[in-house]
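Given next, in structure tokens, is a single chain: the form predicted on its own.
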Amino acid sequence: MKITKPRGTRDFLPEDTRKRRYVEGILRQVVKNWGFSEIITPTFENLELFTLKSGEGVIGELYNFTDKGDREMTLRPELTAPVMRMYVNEMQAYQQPLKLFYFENCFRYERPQKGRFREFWQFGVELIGSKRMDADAEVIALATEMLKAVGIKGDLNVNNLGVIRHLLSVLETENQSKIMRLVDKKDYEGLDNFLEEINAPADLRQKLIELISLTGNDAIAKARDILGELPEIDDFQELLTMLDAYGVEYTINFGIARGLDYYTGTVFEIYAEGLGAQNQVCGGGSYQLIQLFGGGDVPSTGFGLGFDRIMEVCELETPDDVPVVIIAKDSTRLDAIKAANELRKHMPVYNDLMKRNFKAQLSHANNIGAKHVIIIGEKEVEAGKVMLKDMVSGEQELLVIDEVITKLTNK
């Protein structure tokens, strides 16, 4: 019986994995250069961790299960909640701000489609302990720098939810939350209907519709025209001034929202070309989750990069890591093993494991795209050297192993 992979998952072949690891390595280097430290959380968590964060409705999207101890568990659908849980459990005594990052797989039980899988990878950053715009600006600048490092020019849209929350503060909390969800979904017809249903003041309705339509360089000035001078708008301007100092290009977009109450201020999204309708590759903002999980009143800001979507549009050339191939005769196989042992301290090496004849070994080296082969025959062994052959030019040189290492590694 042939068993296939589960729906919504993927196998990554060597060439796919090589490119993914290469791009991952670039992202890791960037985030480490910004002073962030890597963390790892469990692949599964208590189900309550995510229902507390997102409500009972999220269960339909989860790979949840009851374990043998009758505990309600789930594979993690994202990593912000686990990181906040880890902070409350383990890190409250650490010096702040904490600058953390992760790169892990996540799971969602949803209909697979282009760019969306049931198992997917997320590269994320969490900065815990600072409520200053400095923290938000650094996190946003880091997100854009990471994308730039892998050759993706993102379209950054940024907003401050404090502005819209100030406007809605005269409404009941439940109604504010519903409005934020509708704005987040860009369901403007539903928003009109709901504002009518709750009999929202006409002045508020008009200001809200005007506000969420504001985009572009003059959006801050227009927001002040609509709402007057507000500390939330001043905070937003401070953030933008810092982004200018970082050299970050952005679009002010008051229409970006979050449907969850724990998002408090800055929110941002980054879009990339070539992904169709599902073109968001990064989303983030500032939030207050730690209290929800039993910790103190500690602010956080962070983002998640959709690694799979990045790989769809990333056009970086992966460095060649085809091994050097050793070609030996049956009588020199043990000498080939010894030579491989020495060479592998410096480079990838392929040694024949099929007892192919000389011609077949050379043909195999050609087939895998080897740039160099090392020939070890009786004459080479007798001379205490090996024959290095350039498979592109055809040139051959009789060298000792140390000379081969110097030549191929440029050391």
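Quick note: we count residues from 1 along the sequence shown, nothing fancier. Fair warning: this is a prediction, and the values are worked out from it, not measured in the lab.
Omitted here: the form predicted in complex with the RNA. The next part is about that form.
Asker: How about residue 343 - does it come within 4.5 Å of the RNA in the predicted complex, if we only consider non-hydrogen atoms?
Answerer: It does not: once the RNA is placed as it appears in the predicted complex, residue 343 has no heavy atom within 4.5 Å of it.
Asker: Is there a non-hydrogen atom of residue 28 within 4.5 angstroms of a non-hydrogen atom of the RNA in the predicted complex?
Answerer: Outside the cut-off, so no.
Asker: Do residue 108 and the RNA share at least one heavy atom pair within 4.5 Å in the predicted complex?
Answerer: Close contact exists here: in the predicted complex, residue 108 approaches the RNA to within 4.5 Å, heavy atoms only.
Asker: Residue 17 near the RNA in the predicted complex, any heavy atom under 4.5 Å?
Answerer: It does not: once the RNA is placed as it appears in the predicted complex, residue 17 has no heavy atom within 4.5 Å of it.
Asker: State the residue from 43, 46, 366, 37 whose non-hydrogen atoms include one within 4.5 Å of the RNA in the predicted complex.
Answerer: Going through each option in turn, the one that passes is 366.
Asker: Which residue, 166, 178, 258, 224, has a heavy atom that falls within 4.5 Å of the RNA in the predicted complex?
Answerer: In short, 258.
Asker: Considering the RNA in the predicted complex, find the one stretch among 258-266, 142-150, 91-99, 128-136 with heavy atoms no farther than 4.5 Å from it.
Answerer: Single hit among the candidates: 258-266.
Asker: Can you name the residues of 325-361 that have a non-hydrogen atom within 4.5 angstroms of the RNA in the predicted complex?
Answerer: Residues within 4.5 Å: 329, 354, 356, 357, 358, 359.
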